[in-house]
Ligand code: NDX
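First, one chain by itself in structure tokens, the form predicted on its own.
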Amino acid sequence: MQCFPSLVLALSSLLGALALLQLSLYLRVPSRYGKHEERLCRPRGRLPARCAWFVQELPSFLVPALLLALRSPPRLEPLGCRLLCCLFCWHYFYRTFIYPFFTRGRPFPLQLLFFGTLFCVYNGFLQGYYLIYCAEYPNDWCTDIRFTSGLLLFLLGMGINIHSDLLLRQLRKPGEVTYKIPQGGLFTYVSGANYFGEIVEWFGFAIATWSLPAFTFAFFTLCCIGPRAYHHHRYYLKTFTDYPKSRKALIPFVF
């Protein structure tokens, strides 16, 4: 396999178009899972949350690994390129092999699982193919301001995301299905602290890679989970009369 820049451009453009489609579909009506199933018709067919998250996220880890295995000799030079590929796989190792076994979410609709898995295959291929077969970085990329600032944002966002997930898990005791008001951490300022962390994480990755595939993925993440944070915020305000009025939906002090 060799690098085809036109393929990278085409796949990145399609990902950007899918981001806009996501935004148009879910800005007014939330996607039908989790707390929003209580107000919308429940879809048929579900999989336990732990199994669903594992199945959905696994391709984003396996596809880049497969692309690397298929390349002979392996191409991940210089050090900056290796680190960037490791960042992507690190996130999805956590999402595939750690997060699912601690989540206490409700069963996941099979229809959303199918599309989520397809996306992970698609994006795993795009990001992995670009970094392994196409990306070219100078030997001193690790000291470039774009790499260092992007890396710091990525680590900050991932830390916020993991910490917020922990706080959400602690809201429920084993077997509980009721929703409660999130407290602590960045939830003091926004309703979607976990979503904010993931958005920051992928924009940091985009800056560190300075590539079209990564920027379109970050834009897709914003368009996909940004509206969900907004709908979560509205749900909390309508459900809990004592919900903090000073909290924003996604961006502290702004929105």
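Heads up: residue numbers just count along the shown sequence, starting at 1. For clarity, every value in this text was computed on a predicted model and none was experimentally measured.
The discussion below concerns the form predicted together with the named molecule, not included here.
- Here the chain stands by itself, but in the model of the complex one stretch of 144 to 152, 111 to 119, 124 to 132, 82 to 90, 111 to 119, has heavy atoms within 4.5 Å of the named molecule.
- For the chain shown alone, Y179 is a contact residue for the named molecule in the model of the complex, at least one non-hydrogen atom being within 4.5 angstroms.
- In the model of the complex, at least one heavy atom of F220 sits within 4.5 Å of a heavy atom of the named molecule.
- In the model of the complex, T216 stays away from the named molecule, with no heavy atom inside 4.5 Å.
- Mapping the unseen interface onto this chain, Y137 falls outside it, with no heavy atom inside 4.5 Å of the named molecule in the model of the complex.
- Counting a residue when any of its non-hydrogen atoms is within 4.5 Å of the named molecule in the model of the complex, the hits in 217 to 240 run F217, F220, T221, C224, I225, R228, H232, Y236.
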